[in-house]
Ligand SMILES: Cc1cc2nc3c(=O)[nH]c(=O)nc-3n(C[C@H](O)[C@H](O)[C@H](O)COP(=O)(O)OP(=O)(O)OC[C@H]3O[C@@H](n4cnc5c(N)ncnc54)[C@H](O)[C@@H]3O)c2cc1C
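Read the single chain below, which is given as structure tokens and is the form predicted on its own.
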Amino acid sequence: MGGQLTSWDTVIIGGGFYGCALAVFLRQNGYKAVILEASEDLMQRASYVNQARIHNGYHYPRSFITAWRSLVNFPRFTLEFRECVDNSFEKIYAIARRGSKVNAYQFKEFCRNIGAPIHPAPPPVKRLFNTALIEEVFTVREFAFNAAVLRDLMRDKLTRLDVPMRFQTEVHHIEQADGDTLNVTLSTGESIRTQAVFNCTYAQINTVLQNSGLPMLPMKHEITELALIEPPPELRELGITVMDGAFFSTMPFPAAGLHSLSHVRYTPHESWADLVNGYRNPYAYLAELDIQTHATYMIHDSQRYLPALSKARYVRSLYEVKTVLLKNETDDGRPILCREHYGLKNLYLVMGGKIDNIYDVLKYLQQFAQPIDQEMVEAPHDQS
């Protein structure tokens, strides 16, 4: 197919959750959109390898805007994607006595200010913690999602809307064509002519930009480890986060029927910033690494706060690239990245750090959902 030219209204690079949701949104607004995904299926990378947490604001006491937007989006996400929601466990937040960037009083006030439900944990739950290291323990309203079910839901939506999904299709670069149109060149040499491109490739955003001769964004990448464990009986129906600093979180990971375990100190294996340390292709670099698990260190440190974790059985680890904007390293904020006409007319960059905040992207892109020409097709309405 080298050199062959096809044409679409919009090209979405990346078949993660954000790329899929954007394709659904555009198709429902009358656009002929195609998804180009380098993997063999949808949602194989960061959309799957994460804590599977549906945020309700609690995780971001040092970023009011991120917390507030999570709280606002929580009920909409849990309703629209209810088939993948796991609310069968009790979510616990515990505040460390030393080393935490917020104390128990500050955390309660933060939750009160954003309107997030919070209550003192019952005595049996409190007794699970080492009170010499834990100041206070709270129950909150926070769920998990099954990434495998969410992937199937998105695939079904896209199929019903007749959105083509091209897998094992890697975009090499983008360039301006005639007028406002763009050419998307694949690694095979095939070109696709389009009126707009949405780069939703998360950790690979800078890869596409660099190959296209465009300025890279100030991004930091981390090689991260998500350990999967079989928890002891007393922790099976709990999701626990000890915060706010160099602490940990363990909660159900529904897609594997296990619990995840992540630790602020041991989850990252190494990191670099493209504009500081020099560019490298994140996924190519990850594929070359021989990573030795940090799970033993995670469990050993975490059991100081939650002694029952000493009885957890380590099963395996998932490794992924986590990408954030450098400016959010200090405040834990996770704003949505939306850049329009980035270096090229009608090139859009979209990146989100949390699946449940997809609605902020769609709200921002309402401006895009205007008639583009007379060749638009009418999209069937999605009744799901």
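These numbers come from a predicted model, not from an experiment. In case it trips you up, residue 1 is the first one in the sequence shown, and so on.
Beyond the structure shown, there is the form predicted in complex with the named molecule, which is absent from this document and is the topic of what follows.
- Think of it this way: in the predicted bound form, the named molecule has a heavy atom of just one of A38, V34, L337, L344 within 4.5 Å, and the residue is A38.
- Checked against the named molecule in the predicted bound form, the candidates N29, S63, S317, S47 yield a single residue with a heavy atom inside 4.5 Å, and that residue is S47.
- For the three residues G19, H55 and V171, a heavy atom within 4.5 Å of the named molecule turns up in the predicted bound form in every case.
- Contact with the named molecule in the predicted bound form, defined as any heavy atom within 4.5 Å, is confined among 152 to 160, 117 to 125, 174 to 182, 199 to 207 to 199 to 207.
- In the predicted bound form, the named molecule lies farther than 4.5 Å from every heavy atom of A67.
- In the predicted bound form, the named molecule sits within 4.5 Å of a heavy atom of Y283.
- In the predicted bound form, the named molecule sits beyond 4.5 Å of every heavy atom of S191.
- Interface residue remark: L349 is not counted as part of the site for the named molecule in the predicted bound form, having no heavy atom within 4.5 Å.
- No residues of 82 to 110 lie near the named molecule in the predicted bound form, the criterion being any heavy atom within 4.5 Å.
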